[in-house]
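Next up is one chain by itself, shown in structure tokens, the form predicted alone.
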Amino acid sequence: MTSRRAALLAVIAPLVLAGCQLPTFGANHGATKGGTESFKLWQGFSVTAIIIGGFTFLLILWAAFRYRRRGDSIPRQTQYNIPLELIYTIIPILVVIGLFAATVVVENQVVSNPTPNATVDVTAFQWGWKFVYPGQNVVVVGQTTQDPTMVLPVGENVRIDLRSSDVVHGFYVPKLNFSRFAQPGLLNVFTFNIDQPGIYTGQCSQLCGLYHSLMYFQIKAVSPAAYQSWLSANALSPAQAAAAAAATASQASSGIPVKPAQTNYGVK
């Protein structure tokens, strides 16, 4: 009984100590088409790894007990089992090909940029975010403790043009299973199609300076009708747009966490 308990503990302990969560395996379900497919791919990889790892572990146990030392004599030596060697060579190759093909399919879905229904220019800076809606006169700016909100329509393709005005930042939204670099001098383009209304917290994922840990933002997904109403309600006049741009430059140069009464220009 003791040996059985030890064997059971040896199987369960790694799962418990690793904080394994079933059936998600520690990942988010995703709220975009690409994020959901990435989650399914992660599940497939995890299940495959468990099956292969478990089978390998059983083979090791079987060999250890079946061929354990019983005396000083050398056991009978054998070699060249061609059918068996073909099996353990071909099956791993097929597994790798299958995982590679699944990865290519999902990656193509994630990086695809279909015709957008809306566009948002996103600029990362030390230590905040600026969201500009081209042609809509809507600008949202927030730094450090301000956590600006980017409003997006549900069920529509939204193109994101991502830039950085200073150093390398990371645009990371955990619940969307999505992360991209914001790099100075480089435009990074991707498309969101969020399928569930809600608020999704994002953050900078690249160490970018003193207040990196405060560089958060929010994505608020609403219905297309609510999105259009929000754009109309928050459109800026030319003078307000100029003031927002000036405030962004001032905030970026100060580098001091502040939280004034109104920080997200264009948001009410």
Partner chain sequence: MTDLIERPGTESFDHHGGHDEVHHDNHDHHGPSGLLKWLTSTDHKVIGINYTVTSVLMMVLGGALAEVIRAQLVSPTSTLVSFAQYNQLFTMHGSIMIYLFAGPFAFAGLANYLVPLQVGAPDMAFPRLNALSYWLYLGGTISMLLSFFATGGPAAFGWVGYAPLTSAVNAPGVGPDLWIGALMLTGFSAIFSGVNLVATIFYLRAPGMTLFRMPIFTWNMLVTGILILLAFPVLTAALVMLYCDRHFGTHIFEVQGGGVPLLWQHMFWFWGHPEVYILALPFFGMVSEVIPVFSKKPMFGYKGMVFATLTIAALSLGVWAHHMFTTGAVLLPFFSIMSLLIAVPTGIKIFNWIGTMWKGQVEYTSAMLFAVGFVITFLIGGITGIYLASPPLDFFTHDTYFVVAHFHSVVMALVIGAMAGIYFWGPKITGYKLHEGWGKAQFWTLFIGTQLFTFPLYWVGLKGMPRRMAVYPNNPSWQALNQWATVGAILIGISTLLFVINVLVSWRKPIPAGDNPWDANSLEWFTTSPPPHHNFLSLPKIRSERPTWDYNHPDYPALGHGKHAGAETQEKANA
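Heads up, when I say rigid core I mean the largest set of C-alphas that superpose within 1.5 Å between the two forms. Nothing here was measured: the structure is a model prediction, and the numbers come from that model. Residue numbers count along the first chain shown, from 1.
What comes next is about the form predicted in complex with the partner chain, which is not displayed.
Going by heavy atoms within 4.5 Å, which of 168-176, 116-124, 129-137, 192-200 lines up against the partner chain in the predicted bound form?
-> Only one stretch passes the 4.5 Å heavy-atom test: 168-176.
Going by a heavy atom distance of 4.5 Å, is P184 a contact of the partner chain in the predicted bound form?
-> Taking the distances in the predicted bound form, the answer for P184 is yes, it comes within 4.5 Å of the partner chain.
Check whether A64 has any heavy atom within 4.5 Å of a heavy atom of the partner chain in the predicted bound form, and answer yes or no.
-> Yes, A64 is a contact residue.
is_contact(S205, the partner chain) in the predicted bound form, heavy atom dist at most 4.5 Å | Looking in the predicted bound form, residue contacts with the partner chain include S205, since a heavy atom lies within 4.5 Å.
4.5 Å heavy atom contact, S38 to the partner chain in the predicted bound form = Judged by the heavy-atom cut-off of 4.5 Å, S38 is in contact with the partner chain in the predicted bound form.
Using a 4.5 Å cut-off on heavy atoms, what residues in 97-128 are near the partner chain in the predicted bound form?
-> Result: L99, F100, T103, V106, E107, V110, V111, Q126.
Would you tell me if L58 moves between the shown form and the other one by 2 Å or more at its C-alpha, with the rigid core held superposed?
-> Yes, its C-alpha moves 2 Å or more.
By the 2 angstroms cut-off, has the C-alpha of Y88 moved between the shown form and the other one once the rigid core is superposed?
-> It does shift by 2 Å or more.
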